[in-house]
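Just the one chain here, the form predicted on its own, laid out as structure tokens.
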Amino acid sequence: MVDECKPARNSLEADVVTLASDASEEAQQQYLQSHADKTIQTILLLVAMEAEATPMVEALGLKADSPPVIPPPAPCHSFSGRHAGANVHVVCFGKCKATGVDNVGTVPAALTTYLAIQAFKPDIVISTGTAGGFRSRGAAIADVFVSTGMVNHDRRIPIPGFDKYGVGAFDAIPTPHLQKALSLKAGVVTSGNSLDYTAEDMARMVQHEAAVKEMEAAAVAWSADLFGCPVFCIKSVTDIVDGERPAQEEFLENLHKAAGALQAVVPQVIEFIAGKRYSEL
């Protein structure tokens, strides 16, 4: 149960250097020491878009929760069931009532995560979905990445103290055995509220050694950290951020291909982590 999780250490929200590869082993040990070494029995997956969620729900054999576990006016909706001996819940952010499009971005991500953790009391949270990848970090279309950390790339507040808050970096729970078992690529996931990016955004993504760029993970991590609940990301690449084509064109073109990759990998992730302790991931 999430209320048995110990709050994460105060330094979890930290500078980018805590996420750098040369400090990864030390950061992993510090992360594990900040949480009770629990057995994973309840797993919560957060997904922004319906097109991303539907293949996962089908692959995991989940059913829509009726009546809603998270009641209106919250727009999110959930699917629940058992997979690999664990209780599994997928929560989708729902639709914008003004436009009818998927709720994407950090605001619905933070709200949905907070409400879903209260409702389902998970042992672990997974932010999953599609994302842009960096060819310079080895990304290709439909590659699946697991996060080593989550950070904001577009919250620029150049005031002492607030500058660090703006970065809002969080360590992901270490998953070295998962990465090896499923041959997953790994790296820092950066979040922002725009599909495109400015030159300053790119500079910050490079500074943070970003492997994947998307719009929700850092907000999911922020809410999970309030409950002291471990979190990591599984992201499939729709477009190449440092490529030659505009990201918007590639995103729409490759969305279903990337969602298909998630449909294949997410059940394997659940099967690997279910019943294991945090230290065994």
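Computed from a predicted model, the values in this text were never measured in an experiment. The first residue of the sequence shown is number 1, and the count goes up from there.
Although not depicted, the form predicted in complex with S-adenosyl-L-homocysteine is the subject of the following passage.
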Options 164 to 172, 111 to 119, 83 to 91, 124 to 132; stretch whose heavy atom lies within 4.5 Å of S-adenosyl-L-homocysteine in the predicted complex: 124 to 132
One residue of L255, L32, I70, A59 in contact with S-adenosyl-L-homocysteine, assessed in the predicted complex (non-hydrogen atom, 4.5 angstroms): L255
Among the candidates V104, A142, A74, L178, the residue which, in the predicted complex, approaches S-adenosyl-L-homocysteine to within 4.5 Å (heavy atoms): V104
4.5 Å heavy atom contact, S194 and S-adenosyl-L-homocysteine in the predicted complex: yes
Contact of F251 with S-adenosyl-L-homocysteine in the predicted complex (heavy atom, 4.5 Å): yes
Contact test in the predicted complex: A219 vs S-adenosyl-L-homocysteine, heavy atoms, 4.5 Å: no
Non-hydrogen atom contact M49 with S-adenosyl-L-homocysteine in the predicted complex at 4.5 angstroms: yes
Heavy atom within 4.5 Å of S-adenosyl-L-homocysteine in the predicted complex - qualifying residues of 204 to 239: K213, E214, M215, E216, T238, D239
